[in-house]
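Read the single chain below, which is given as structure tokens and is the form predicted alone.
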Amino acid sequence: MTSLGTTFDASRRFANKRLHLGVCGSVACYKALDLLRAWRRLDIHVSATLTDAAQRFVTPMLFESLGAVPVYRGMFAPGEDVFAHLEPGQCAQAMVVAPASADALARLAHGAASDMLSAQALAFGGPLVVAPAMNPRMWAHPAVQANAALLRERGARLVTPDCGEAACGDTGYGRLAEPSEIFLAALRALSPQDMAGRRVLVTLGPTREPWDGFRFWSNPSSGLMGAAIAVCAFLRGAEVTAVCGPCGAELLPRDVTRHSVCRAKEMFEAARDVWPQMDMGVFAAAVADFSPQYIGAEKFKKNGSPDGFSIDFHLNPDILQTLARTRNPGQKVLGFAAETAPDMQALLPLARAKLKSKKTDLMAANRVNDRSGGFCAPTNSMVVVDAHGREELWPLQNKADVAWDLCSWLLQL
């Protein structure tokens, strides 16, 4: 099954949701198949409509073989139900048109209903996601831009094209956006928007503390847990700002604001600067508690210390504790604690102690000595405690689903 490299590629939160996919004529048609497979991997029910032009590039049978049910071929195709143009509006919870041609944009913007896809879109009252793909000069044309703007004004979510070389050889904005962006835009359309209007800060990834110009002190954090939190908040409607260490930023959708840092001091400064404007802070980064003394920008030569050498370490700022204690009224704080413990029960008092010492509203602790969770693993088992005395032990599950449950808990505080 296809993975698009997002934190939600294996989530169970979208099982049995219903999505309708519209595919227009474009060289990028084949990417719609990757999207279909990725959504089906989450057990989302996907139906599809291929325009006549799309069927010049890909076949309905191919979509059917990958799990799309039903696949509509045309308004007057033999055997097609007489009310097929109304079916997505009655069954689907979100509709995605990817790729969307210039002709499709015009039809959608102006309420045309002369083919199956445009009629289905006109009869669809749910969230609409549109991902255009065309020649860069076509995309830049004022008429196309006006149609795109009109769709936005009416509430459609546009996943605008990327810049690059088109199939014709022209270069510019017009290439279909990365499938991961369209995939997540669809999940957002299927998600409750219960975090809409909230501004959320997330720190994620490791920090790297250099001791010469080429080597550093760090940890094996992948940033996956923090990225899952950031993506989850984005899917649920929040305005998300992520302060990212060297790993994890690549997992974020482009609508998440990113501040890339390396050292703990840089992460602290970046988080401190934006924190006053936030409603929630999720401090998931694996920040180095200490940083080594910096020897210099040149590579340290081992022949200069044949008997070995020592480096002094200095205490780094405690980002979670400092920002939690200086927060504004109403700001909510979720902290993470990476601990070593023999079992989950032994993790509970460690989580309670961290909750108290860091002055957070919610503390999530995991065992980094458990290889099935923690650093670099796609899953986590957690002990979660809050300032009101609620405590839970969560069994092993996908980090995206852990993120979903943590966001839900944070909303209830």
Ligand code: PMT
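Keep in mind that what you see is a predicted model, and the values were worked out from it rather than measured. Residue numbers here begin at 1 and follow the sequence given.
Below: the form predicted in complex with the ligand, not depicted.
Query raised in the report: Which pick from Ala338, Ala113, Ile295, Ala140 sits with a heavy atom within 4.5 Å of the ligand in the predicted bound form?
Result: Comparing distances to the ligand in the predicted bound form, the residue within 4.5 Å is Ala338.
Report task. Please pick, from Val368, Leu36, Ile44, Cys29, the one residue with any non-hydrogen atom lying within 4.5 angstroms of the ligand in the predicted bound form. Result -> Looking at Val368, Leu36, Ile44, Cys29 one by one, just Val368 meets the 4.5 Å heavy-atom criterion.
Report task. Could you tell me which stretch in 216-224, 298-306, 176-184, 131-139 has residues with non-hydrogen atoms within 4.5 Å of the ligand in the predicted bound form? Result -> Going by heavy atoms within 4.5 Å, the stretch is 216-224.
Report task. Find out whether any non-hydrogen atom of Lys399 is located within 4.5 angstroms of the ligand in the predicted bound form, and reply yes or no. Result -> Lys399: contacts the ligand in the predicted bound form.
**Report entry** 4.5 angstroms heavy atom contact with the ligand in the predicted bound form for Phe375
**Finding:** Heavy-atom contact with the ligand at 4.5 Å: present for Phe375.
**Report entry** Distance check, Tyr72 to the ligand in the predicted bound form, heavy atom within 4.5 Å
**Finding:** The answer is no: Tyr72 has no heavy atom within 4.5 Å of the ligand.
Query raised in the report: Would Asp318 show up as a contact with the ligand in the predicted bound form if we use heavy atoms at 4.5 Å?
Result: Yes - in the predicted bound form, heavy atoms of Asp318 and the ligand come within 4.5 Å of each other.
Query raised in the report: Within 4.5 Å of the ligand in the predicted bound form, do Ala285, Asp289 and Lys358 each have at least one heavy atom?
Result: All of them do, each having a heavy atom within 4.5 Å of the partner.
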